[in-house]
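Take a look at this one chain, the form predicted alone, written out in structure tokens.
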Amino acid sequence: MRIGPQYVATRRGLLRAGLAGVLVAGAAPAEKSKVVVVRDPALRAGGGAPDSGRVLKMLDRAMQSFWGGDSPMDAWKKAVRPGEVVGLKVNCLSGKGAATSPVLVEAICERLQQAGIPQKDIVIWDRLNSDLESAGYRVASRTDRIRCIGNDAAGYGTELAVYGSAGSLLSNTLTRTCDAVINLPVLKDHGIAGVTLALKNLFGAIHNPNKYHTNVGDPYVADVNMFPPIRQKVRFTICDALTAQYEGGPSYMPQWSWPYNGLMVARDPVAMDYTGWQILERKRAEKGMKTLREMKREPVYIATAAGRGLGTNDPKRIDVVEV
């Protein structure tokens, strides 16, 4: 079912959504949230850009490990269904270097088509056309091919979606165009909110993210992710950890970046963010840097999101699978 741009959260609807989240979270307390981490030390055999063939193999390993099946294609057929319009929510604010890699997106588009999703039903999107172009994507709006479009071109709805402290207009690409969204953040630091991973990448679906960076983004990041179109349409996350950044984000700072040479896959965005946060903290410790808590930008919104029923930040309930 598609949700139009006129979505407005009612008090009764929010209560139902909140109770549903509590019931889902409490239905199977022993069940763990899986986060698959795949790395390839030989990803940059020549010392430069990631090898596209090896990225595709990493993607296959990650998807098959997460979704199961006898082959990577079995996994993709569990993740998406023919007839759906699949959106790829990339992160391009920083431009090349710390944006979602076009090499990874090309690999995903290849596998989507092999899983029965035609080009016309694939949409790459982010906030601005200029951001997409600066990250190496070609803006394209023809509906018979893979589309690549910013919200500034596609537009936003005209009525606010509201939850808690957040009230925003939602991207038409999210609400009108896409049936399912694959979230494609980057593993990196954020100078205000601590980290920017799965949860914060959905700030790219709203018209006013600049309003929601006070208090280290808490509770705003969690509240934005409570908007029903986001909860209903974002199916899973593939985090681009090919090049990661532990300080100075969200802009690209090569002096604080390193070749993690990895991908991460999860359905639980909170577990994804907690796991990615710990990777960044370990790198900071390795470099002799203070923790994000000591820097007064611990991403406490991750715990708030867990409290909203969006997932778990309890390491005892997160199953990190390294393959």
Partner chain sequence: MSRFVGQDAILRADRQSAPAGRVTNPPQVGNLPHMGRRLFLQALALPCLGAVESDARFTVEARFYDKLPYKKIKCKLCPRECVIDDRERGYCGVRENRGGTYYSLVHSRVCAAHVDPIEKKPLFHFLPGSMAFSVATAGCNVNCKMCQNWDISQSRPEQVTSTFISPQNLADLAGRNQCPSIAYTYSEPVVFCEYVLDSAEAGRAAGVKSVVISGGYVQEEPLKQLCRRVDAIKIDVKAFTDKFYKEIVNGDLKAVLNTLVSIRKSGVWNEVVYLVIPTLNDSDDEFRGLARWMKAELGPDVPLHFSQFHPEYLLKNLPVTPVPTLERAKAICDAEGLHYVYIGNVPGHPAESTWCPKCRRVVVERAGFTVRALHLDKGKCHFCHQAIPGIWEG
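Values in this document were obtained by computation on a predicted structure and should not be read as measured data. Residue numbers count along the first chain shown, from 1.
The protein also exists as the form predicted in complex with its partner chain; that form is not presented, and the subsequent description refers to it.
- Taken together, 88, 137 and 308 are entirely out of contact with its partner chain in the model of the complex: none brings a heavy atom within 4.5 Å.
- For the chain shown alone, residue 156 is a contact residue for its partner chain in the model of the complex, at least one non-hydrogen atom being within 4.5 angstroms.
- For the chain shown alone, residue 212 is a contact residue for its partner chain in the model of the complex, at least one non-hydrogen atom being within 4.5 angstroms.
- The closest heavy atom approach of residue 249 to its partner chain in the model of the complex falls within 4.5 Å.
- The closest non-hydrogen atom of residue 92 lies within 4.5 Å of its partner chain in the model of the complex.
- Between its partner chain and the residues 120, 207, 235, 77, the one pair within 4.5 Å by heavy atoms in the model of the complex involves 207.
- This chain is drawn without its partner chain; in the model of the complex, the residue among 243, 151, 101, 177 with a heavy atom within 4.5 Å of it is 151.
- Proximity to its partner chain in the model of the complex, taken as heavy atoms within 4.5 Å, picks out 129-137 from the listed stretches 104-112, 179-187, 69-77, 129-137.
- Taking a 4.5 Å heavy atom cutoff to its partner chain in the model of the complex, the one contacting residue in 216-230 is 220.
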